[in-house]
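A single chain, nothing else alongside it, follows as structure tokens in the form predicted on its own.
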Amino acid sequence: MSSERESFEPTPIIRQFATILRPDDAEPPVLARNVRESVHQWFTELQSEKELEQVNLKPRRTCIMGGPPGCGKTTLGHHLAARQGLPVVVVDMASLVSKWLGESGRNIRDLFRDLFAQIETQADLCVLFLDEFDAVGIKRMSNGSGADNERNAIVVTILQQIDRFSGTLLAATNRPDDIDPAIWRRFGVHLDIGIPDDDCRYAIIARYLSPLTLPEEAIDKLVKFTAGATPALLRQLMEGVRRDLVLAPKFKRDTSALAVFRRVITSVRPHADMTIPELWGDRKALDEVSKIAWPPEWPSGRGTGE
């Protein structure tokens, strides 16, 4: 595996328009059971090419992931690539388009062709991940305007590049309903990465509180009052708690649960378009959280501020 990782050589245009995430930096995502099972089956499928040939099938190598921002789509893509010992080449499609804002659609289409072509030469040595895919994959329109014609032409180019690409291709979108139907059909696997349920939130909270620990009952209370939170928000919340517990003593601030969580939720908030969890929207929830077993246990018995 190490030789595969070392042999991938991003060209200048790949470096200009993509971010390379290495396998060693990946972490396993926390997924709902049905999504986790689908991902496991697909990964097994990718490793079962010879067996599938016996029934005239090939492994599906294209997957589109839908879900709200911050739900772990990039984390999952990185993990899937890492499981194969490969780097993931992340192209932010919205940024790609914005770089050419005001330029002709032809320039954008040429860039897509060049980028895909250069990644294709090493398609077996990486996984291609198209983030913010709705920036280019949006449904085609037939109003006859110049802007619509340019957008439709870009969609056709994307369709052609997906058909030609021989490697593993992932795409992520916050707006799956807006994706052009023809593009949607090009993806063999469709995953809905939604808001984490209670079990997922428990695992995420415990992961990002670590190396500090709290009793199960305390984490259960946090799970209750963070319903609707994305994994990204939960990570910010628990990293904020750890950070505050380290820094607050330096400023001689109160390190009670109420004080810590009040400071953290003031500086870390969900986006206005997202569901507002009770911890942020209900003072009673904050009061309940303030009653949990506190402070967290530090590794090797180390205490807050020591």
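Note that residue numbering begins at 1 and tracks the sequence as displayed. The shown structure was predicted, so the numbers you read here are calculated from the model rather than taken from an experiment.
Here the subject shifts to the form predicted together with a small molecule, a form of this protein not shown in this document.
Checklist entry - 86-94, 230-238, 114-122, 162-170: which one contacts the small molecule in the predicted bound form at 4.5 Å, heavy atom to heavy atom? => result Looking at the partner contacts, the answer comes out as 230-238.
Checklist entry - Which listed residue (Pro249, Pro69, Gly281, Pro59) meets the criterion of a heavy atom within 4.5 Å of the small molecule in the predicted bound form? => result Of Pro249, Pro69, Gly281, Pro59, the residue with a heavy atom within 4.5 Å of the small molecule in the predicted bound form is Pro69.
Next on the checklist: Whether Val30, Thr74 and Ile204 jointly form a contact site for the small molecule in the predicted bound form is the question; each needs a heavy atom within 4.5 Å.
Outcome noted: Spot residues vs the small molecule: full contact, yes.
Item to check | Contact label in the predicted bound form: Tyr208 to the small molecule, heavy atom within 4.5 Å | outcome: The answer is yes: Tyr208 has a heavy atom within 4.5 Å of the small molecule.
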